[in-house]
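Okay, so here's just one chain, in structure tokens, the form predicted alone.
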């Protein structure tokens, strides 16, 4: 494992992947990271759907007007769901779980990218979340927060440039 400071510096959104499939061990580690995420009151309102089928990945890649087409070239997607009946902060719980998955991917040397679902539409104006839920037979009461494309990196990205950090956005004591 890289040290955490290096990990968050090098973790960048990856939208190009090689054709190499992920190992079962890597997929298990990604899911383990998501399942280990902290949640409000320890209620763990999040759930995951692992998608490896190329036709389904292609269908999911068309669920947004922009920003999801690259999913068709990924070997794997993890769809992050949450159950609002379990926790009133389901969005936050699912987002923390997704972040754990993104960081675990980087630690494994894999590339990953968050694809926003909530409050997004396809090219015809249909809600992306509804499309994804329909494609994956997700129960009505569940919410789909994001999809995470994961695969072996198909491009190089420079680490975050620390000179571009916006320290002026940090306030001490009060605004």
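Positions refer to the first chain, counted from 1. Not measured: the values here are computed from a predicted model.
One more form of this protein, predicted in complex with a small molecule, exists but is not displayed; see below.
In the predicted bound form, the small molecule stays beyond 4.5 Å of every heavy atom belonging to residue 152. In the predicted bound form, at least one heavy atom of residue 115 sits within 4.5 Å of a heavy atom of the small molecule. In the predicted bound form, the small molecule sits within 4.5 Å of a heavy atom belonging to residue 67. The small molecule in the predicted bound form is not approached by residue 18, whose heavy atoms all lie more than 4.5 angstroms from it.
Partner proximity in the predicted bound form, defined as non-hydrogen atoms within 4.5 angstroms of the small molecule, places exactly one of 22-30, 134-142, 51-59, 115-123 at the interface: 115-123. Proximity of 13, 157 and 160 to the small molecule in the predicted bound form is complete: all three residues have a non-hydrogen atom within 4.5 angstroms.
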